[in-house]
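Two forms, one chain: they're shown below as structure tokens, one block per form, named structure 1 and structure 2.
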Structure 1
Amino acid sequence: MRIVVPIKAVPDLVEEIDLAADETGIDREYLTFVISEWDAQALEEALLLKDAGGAEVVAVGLADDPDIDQLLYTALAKGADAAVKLTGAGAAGPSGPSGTRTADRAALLAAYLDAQPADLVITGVQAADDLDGQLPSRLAALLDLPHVSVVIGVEVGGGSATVRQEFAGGRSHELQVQMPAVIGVQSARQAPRYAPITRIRQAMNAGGLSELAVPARAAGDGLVVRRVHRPEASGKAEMMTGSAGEVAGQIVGLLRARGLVKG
């Protein structure tokens, strides 16, 4: 069984995000990029399937994504069997406000998967910046494959996958899906495994990251970004100042006034 896991580099949201001067995107120059957290969950779910019954897991990224080599080597260090970097995106730079837009990303991945089909495509249900929609169902639509998103567990057997699809309030559906299929993972059955830096270095030294040019398909008209801006400071929260002890005193006062702290 061949499982392809598309992964995406996104800005590390722990950091402050600066906007580009023309206000049509973010300033990517000084940002740190990390694997989209849902893609990390998807990779874990794919590796769990490999652990359980054997599968070839291939991590695939776009050459245009910042720091993508590091992310793909990390995937190899975690247990992926191969890592591929796709080129062929527009050389003019990112097509969306913070990177390659989903429509173009999906078109490249679809071209790759047409040439090298997978039994399962497992990727993150969403990314923090997929303004023009989520990758899994767009990719499935281009490939005419069945798809299920917001998945919290995948099992495979007899040519089909059994997946748990999650809804609000802890409700879920168990669906049986014919393979090949595209699955959008919300969370893996266990927390993503950790790859020690020494093993990532080993993976880098061993090479193992291949580059592949794919013909880009036309992605159709996308959104027209008029401008990006920060949320207006609603000024709603009254900010408490002072030492930790003083602020703690204010908070306990608020709780006591509502009878939520006795005494």
Structure 2
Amino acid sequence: MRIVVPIKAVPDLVEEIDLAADETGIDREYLTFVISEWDAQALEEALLLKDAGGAEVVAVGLADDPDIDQLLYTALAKGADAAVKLTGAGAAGPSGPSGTRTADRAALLAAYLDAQPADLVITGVQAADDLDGQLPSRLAALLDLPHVSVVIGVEVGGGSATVRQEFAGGRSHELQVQMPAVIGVQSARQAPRYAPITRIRQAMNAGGLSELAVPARAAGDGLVVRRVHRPEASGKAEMMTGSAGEVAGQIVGLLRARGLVKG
């Protein structure tokens, strides 16, 4: 069984985020990039399937994503069997506030998968810098494959996959989908495994990262972000100073003033 896991590089949210001058996205020039947290969950779910049944796991990224080499080597260090970076004329689609637009990203991945099909495509259900959740469904539509998203567990057998899908309020149910299929993962059955820097360096020294030019493919219409702006401040924090007793008195006074404490 061959499993392909698309990987996206997103800004590290622990850093200060500034808006671009045209207010259509964020300034990405000086940011550090990390693997999308949902793609990390998707990779872990694929590796769990490999551990259980000997699947081949291939991590795939776009050359236009910042720091993508490091992320793909990290996937190899975690246990992926191969890593592919998609390059070429088709890999430089129009940019949006989150880099390559989701529609173009799906088209590039579909072009790769047309040439090198997979039994399962397991991708993150969304990414922190777009949150539109469109990649799994768009990719499935381009490949004419069944698709399930918001998945929290995958098991395979007999040419089909049994997936557990999560709903609001902690509810979930199971679906059976025929393979090949595209799965959008919300969370893996266990936390993503850690790859120490020594193992990542070993993966770099060993190679295993290949580049592949993919042809351009029509992406179709997609979401267009007209403006990004910071939320308007509706209030502010009040800092209390003094001894523990003085601060406690201030808190009680504030609660009384708002009618939350009587007496």
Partner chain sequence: MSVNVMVLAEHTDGQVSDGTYELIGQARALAAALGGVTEVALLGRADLAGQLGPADVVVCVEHPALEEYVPEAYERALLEVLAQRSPRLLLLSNATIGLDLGAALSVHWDAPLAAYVSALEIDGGAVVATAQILGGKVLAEVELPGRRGIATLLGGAFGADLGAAGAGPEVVHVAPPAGLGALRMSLRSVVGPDGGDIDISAADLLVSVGRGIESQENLETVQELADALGAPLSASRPVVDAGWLPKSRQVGQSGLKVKPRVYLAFGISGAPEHLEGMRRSEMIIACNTDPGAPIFGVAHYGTTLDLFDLVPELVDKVRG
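Everything numeric here is computed off the predicted structure, so don't read it as measured data. Heads up, when I say rigid core I mean the largest set of C-alphas that superpose within 1.5 Å between the two forms. Numbering runs along the sequence of structure 1, starting at 1.
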Kindly point out the structure, among the two, that is the form predicted on its own.
2
Would you say whether Glu246 is displaced between structure 1 and structure 2, judging by a C-alpha shift of 2 Å or more on the superposed rigid core?
yes
Report, to one decimal in Å, how far the Cα of Arg256 moves between structure 1 and structure 2 once the rigid core is superposed.
9.3
